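Next up is one chain by itself, shown in structure tokens, the form predicted on its own.
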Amino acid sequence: MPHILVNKHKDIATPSNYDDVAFQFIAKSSKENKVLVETENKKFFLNMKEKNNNILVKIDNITRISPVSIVKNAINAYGKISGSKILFENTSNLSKKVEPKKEFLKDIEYFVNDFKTDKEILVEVGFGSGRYLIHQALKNPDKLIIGLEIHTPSIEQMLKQVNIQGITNILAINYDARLFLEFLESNSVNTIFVHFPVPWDKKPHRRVMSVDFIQESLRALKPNGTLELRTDSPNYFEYSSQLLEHFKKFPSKILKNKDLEVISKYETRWKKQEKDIWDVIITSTVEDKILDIKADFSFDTNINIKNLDLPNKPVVKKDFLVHFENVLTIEDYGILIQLTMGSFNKPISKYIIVANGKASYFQGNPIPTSANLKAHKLIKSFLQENKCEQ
């Protein structure tokens, strides 16, 4: 990660500019200082933290941006405008590395804001090496195959094969499937495959399969669409079979040692070991209501930042959490609130800037998952308690 180590120095004047980098303000707390940077139409924070009686300057983890050359240029500009002595730096190489094109790798914002297709959709949760995902794409060239995977090397390995084989009907995303399904339209998916998920025998709350996941899958599935689990774990099979008790009105079936057209190297090994493999399949039979996400992340006005009293410990609710991690002061401007919010499975870190009685999320609103929306309402209530009387 690019950074510089400099000697202690006076705060730079803000707002100010150096080498096409604008330094807007400094937010301060007892833990660290952050300077808001704007350059090349991007805004982000640089962190300034004391280290061995010197100051370490690096990109803020929450507001990371790319390409890295932008970050390096901003850090170098800070070192020069501060007039401090640079004791160490790894920001000299400013060549703009061209990232390989990843047209088939999408982020969650794409599926929230831009995703449209007239094709039939197949979804695989946790595609691993991508062997089965690629098989489905080649077998069904007229269908769109969406693959979810949180292991980056597996995604890269799969995308290499997509490029080599000239496949054009795959979209991959690095995101938690339990949250991703919320953004697929109702009655839009033909099949959802969950092949060999991590059993999480010691942490069952981390399992993909749950009552909520099955409910969300059935909403996304077309009538006669199927959710298909395949597992070699007796514990996971037993657990998933019990989940079917919550969905008795939906047809389901259990198969044992079913042969597939293509299997992973691990399944090949398990079959040689004569290990049992189970399939648990549940079928959607109804047409659900169209998904209507009311993504309201607004705040009330006239928020009083004086004597603001936010909880020091995480506030944990049934299906979401809010943790106010730090409050930084922006001189003659307002405050910067650092927090973690949303789902237990994939919480996000955000900043809220409060100035002139108004609050807003920095770098845009959170992704409108149900957990994030619930967390926002709780955050809003804490700030509402500190509202100025008109």
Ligand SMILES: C[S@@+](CC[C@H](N)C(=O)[O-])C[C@H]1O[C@@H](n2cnc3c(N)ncnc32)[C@H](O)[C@@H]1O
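In this text, residue numbers run from 1 along the sequence as written. Everything quoted here is computed from the prediction, not taken from an experiment.
Not pictured, yet referred to below: the form predicted together with the ligand.
Only one segment in the set 239-247, 314-322, 108-116, 169-177 has any non-hydrogen atom within 4.5 angstroms of the ligand in the predicted complex, and it is 169-177.
Only one of the listed residues (Val208, Ile305, Ile121, Leu310) places a non-hydrogen atom within 4.5 angstroms of the ligand in the predicted complex, and that residue is Val208. None of Val71, Leu148, Val280, Ala220 but one reaches within 4.5 angstroms of the ligand in the predicted complex through a heavy atom, and that residue is Leu148. Not displayed here, the ligand is kept clear of Asn76 by more than 4.5 Å at the level of heavy atoms in the predicted complex. Not displayed here, the ligand is approached by Phe196 to within 4.5 Å at the level of heavy atoms in the predicted complex. Taking the partner from elsewhere, Lys265 is found to have a heavy atom lying within 4.5 Å of the ligand in the predicted complex. The pair Arg64 and Gly128 is at least 3 angstroms closer at the CA level in the predicted complex than in the present model.
A shift of at least 3 angstroms brings the Cα atoms of Lys346 and Asp212 nearer to each other in the predicted complex than in the displayed structure.
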